[in-house]
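Here's a solo chain for you in structure tokens, the form predicted alone.
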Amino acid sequence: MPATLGAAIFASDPTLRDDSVAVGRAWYQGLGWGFWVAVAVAVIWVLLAIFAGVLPIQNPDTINFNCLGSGAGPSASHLLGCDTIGRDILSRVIYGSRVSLIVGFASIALSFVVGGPLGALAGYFGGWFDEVWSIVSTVFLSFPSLVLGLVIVSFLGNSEFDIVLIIAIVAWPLLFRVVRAATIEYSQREYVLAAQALGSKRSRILLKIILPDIVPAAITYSLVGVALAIVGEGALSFLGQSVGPPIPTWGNMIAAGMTQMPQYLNLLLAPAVAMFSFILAINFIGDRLRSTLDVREGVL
């Protein structure tokens, strides 16, 4: 077909044109304004956690004798009030986000490093390798996550590094399943089959063709995993099995606030609202990205 004739056909039929600008705009608009609100909330919490040490807030462990023992409510000097031993709640919520966010992101990153490559290899090569690791992941998933976490923490301890490792151990089978499912799906696409027919090496097909397609799927599910990891750390803290006082985390602050109910409601609400807002934002971001990028779950 002559170049001019081909150009005329593509120009006359918008469905045949490769208009990357239009595609990019459609993808951008498909996310919706709620997505960007969620991104803003998540970014604000991440920035607060990173720059907590330079913000004009009090030290989270400083005891303010003017509200000692009173669980004082909000005031000009303490916007969210003080806890029962005189520590500023706003400061502790901001500093508490550090541990909660570090545990959430680091544990999922570690589980992705383990479960991602295993899932890709199992999904593409199949055979005994797929069967063995599928059985292993099924065994891990058969245990209730909280019970498994409590068992592991009793052996490893409850330092920040230990909690990251524990949640990664609990979470890696989920990332393994997601990456495996995405690999199985994309390995059946026409361009992959064409590459196989042309004699491309299997390692090259996996690394150069399939991997770029499964990374968005893995990232979107990983964001949801971060939210679940923060909830998991909060659950362990609530049971006294995570990073303990005086280091503030959202989980141990909620646990401490429960003991002061209903007299000092602000002790519970402040960290609970903080955790809820970040988890809701991360869940919404992951869900919107997943639906926009058409991540399918049929082969899970």
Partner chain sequence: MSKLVVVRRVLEIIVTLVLVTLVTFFFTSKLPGNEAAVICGPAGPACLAKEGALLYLNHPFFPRYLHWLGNLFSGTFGLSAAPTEPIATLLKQSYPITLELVIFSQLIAIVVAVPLAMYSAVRPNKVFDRMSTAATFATLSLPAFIVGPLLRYFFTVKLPWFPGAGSTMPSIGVNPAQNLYVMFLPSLTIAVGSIAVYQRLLRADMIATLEEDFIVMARAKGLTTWRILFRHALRPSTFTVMTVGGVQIGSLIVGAIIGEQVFGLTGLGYQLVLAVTKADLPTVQIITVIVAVAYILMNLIIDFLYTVIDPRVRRARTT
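These numbers were taken from a predicted model, which means no experiment stands behind them. Numbering follows the first chain given and starts at 1.
Not on display, but discussed next: the form predicted together with the partner chain.
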- Answer with yes or no whether residue 292 is in contact with the partner chain in the model of the complex, where contact means some heavy atom within 4.5 Å. no
- May I ask you to check whether residue 114 falls inside a 4.5 Å heavy atom distance of the partner chain in the model of the complex? no
- Exercise: residue 125 in contact with the partner chain in the model of the complex, heavy atom 4.5 Å: no
- Task: Using a 4.5 Å heavy atom cut-off, state whether residue 259 contacts the partner chain in the model of the complex.
- Result: yes
- Picking from 219, 141, 195, 110, the single residue whose non-hydrogen atoms come within 4.5 angstroms of the partner chain in the model of the complex is 141
- Query: Which residue among 215, 121, 106, 152 has a heavy atom within 4.5 angstroms of the partner chain in the model of the complex?
  - Reply: 152
- Task: Heavy atoms, 4.5 Å, the partner chain in the model of the complex: which of 91-99, 186-194, 201-209, 131-139 makes the cut? Say which one.
- Result: 131-139
- Query: Does anything in 232-250 come within 4.5 Å of the partner chain in the model of the complex by heavy atoms, and if so which residues, in order?
  - Reply: 234, 235, 238, 239, 241
